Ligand SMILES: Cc1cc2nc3c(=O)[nH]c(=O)nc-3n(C[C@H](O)[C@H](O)[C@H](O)COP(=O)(O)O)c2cc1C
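Okay, here we've got a single chain as structure tokens, the form predicted on its own, with questions on binding and movement later.
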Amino acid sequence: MEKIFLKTDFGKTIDNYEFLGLNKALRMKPSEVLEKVKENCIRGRGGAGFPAGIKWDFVAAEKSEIKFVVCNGDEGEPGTFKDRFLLENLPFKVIEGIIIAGYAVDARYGYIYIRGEYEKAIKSIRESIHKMTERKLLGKSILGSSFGFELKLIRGAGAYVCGDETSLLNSIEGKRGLSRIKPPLPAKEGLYEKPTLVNNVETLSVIAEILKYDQNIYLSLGTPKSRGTKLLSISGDVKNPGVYEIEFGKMSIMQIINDLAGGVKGSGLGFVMPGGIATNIISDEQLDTPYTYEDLEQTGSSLGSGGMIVVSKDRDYLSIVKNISDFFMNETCGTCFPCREGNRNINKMIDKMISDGKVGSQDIEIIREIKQAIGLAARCGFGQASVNSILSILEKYFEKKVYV
């Protein structure tokens, strides 16, 4: 049986990209497209892993003359660059997925928000929107149908927090990228207070891919709780960093590192951040964990944004903790007091650990309490996840030990 892989249309131009998914979708009823998305149990590829079909259902159910689809290409998580790969190399698949989403939820307007530093991706998408508009694949009466869709590109201004969907919506509206209080959810009151569907670049690309096929072969890939394939960004202390695509459940963390990324550089593996710096680390005794949402969650970590960072034994772990803490302290939007002040105080504590040459168990206990406070009070996933890797590294390698 043929397998579905996102990379099958790699490098295609407007002249040889078939838009099969869009063609098939426009011959179906919007409700049928929605059911196919739900049937395939597609989980969001941006980090939270929320089922895409349920989110689409919420937006489709809203009665409004104006609805929006927003493609989140901000991708500010350190170690994550799989969306950049799609934006640069498969722009038509990304845009195709956005249009299909608009058709399914009855939205006629869309935005694609791309991280400002992604110059090549921005150029690729801008040119693709222009070419698709010329070919009547965007605008009025797409492919001769009664459905029309307008798409605009927004360039991000460099705020990590805009990866959060409500902060992203504020940014598109010209406001500061601050997280909103929920409810209302974006599906009810999103962009310009209209029902809005926000999905990740990879999520929409997956949907464009599965709509290509008459038979639902997507259900044969992966596991019941993790369907299909996943693009994985691997970086850090590996011999062959890059973007790889794997079928969920077919490889363990160790197999991914050794068989795809060429193994660990240096004297051996220290630990792995499986989903970016906002996820708990995977240590040596957990390396046989299959790469799925459910298996990584059982370890206490998560698949996150799909950015796997491999760290060798040769690294100074406390320096890594400091770098992570610097990042989160600088990138917090400041809306939530516990997130803003908690990350600032954790950073001060780590500075003191380095200057004193030791990490006390009392220090780690205080950081645990700060993490709990941030997790309970933060509006968005930024704050809720900002201390994950910091605390897990300290607990694993420094609790009740002296740092030298």
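For every residue, the number given is its place in the sequence shown, counted from 1. Bear in mind that the values here come from a model prediction, so they are computed numbers and not experimental data.
Keep in mind that the form predicted in complex with this ligand is not shown, yet the notes after this line are about it.
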Point to revise | Heavy atom contact within 4.5 Å of this ligand in the predicted complex, the stretch among 282-290, 199-207, 213-221, 122-130 | key: 199-207
Point to revise | 4.5 Å heavy atom contact, Asp164 and this ligand in the predicted complex | key: yes
Check your understanding: Could you tell me if Lys67 has a non-hydrogen atom within 4.5 Å of this ligand in the predicted complex?
Key -> no
**Study point:** Contact test in the predicted complex: Lys55 vs this ligand, heavy atoms, 4.5 Å
**Key:** yes
**Study point:** 4.5 angstroms heavy atom contact with this ligand in the predicted complex for Gly46
**Key:** yes
Check your understanding: Tell me, which of Tyr160, Phe81, Tyr111, Phe149 has a heavy atom within 4.5 angstroms of this ligand in the predicted complex?
Key -> Tyr160
Review point. Among Gly76, Gly156, Gly236, Gly276, which has any heavy atom within 4.5 Å of this ligand in the predicted complex?
Key: Gly76
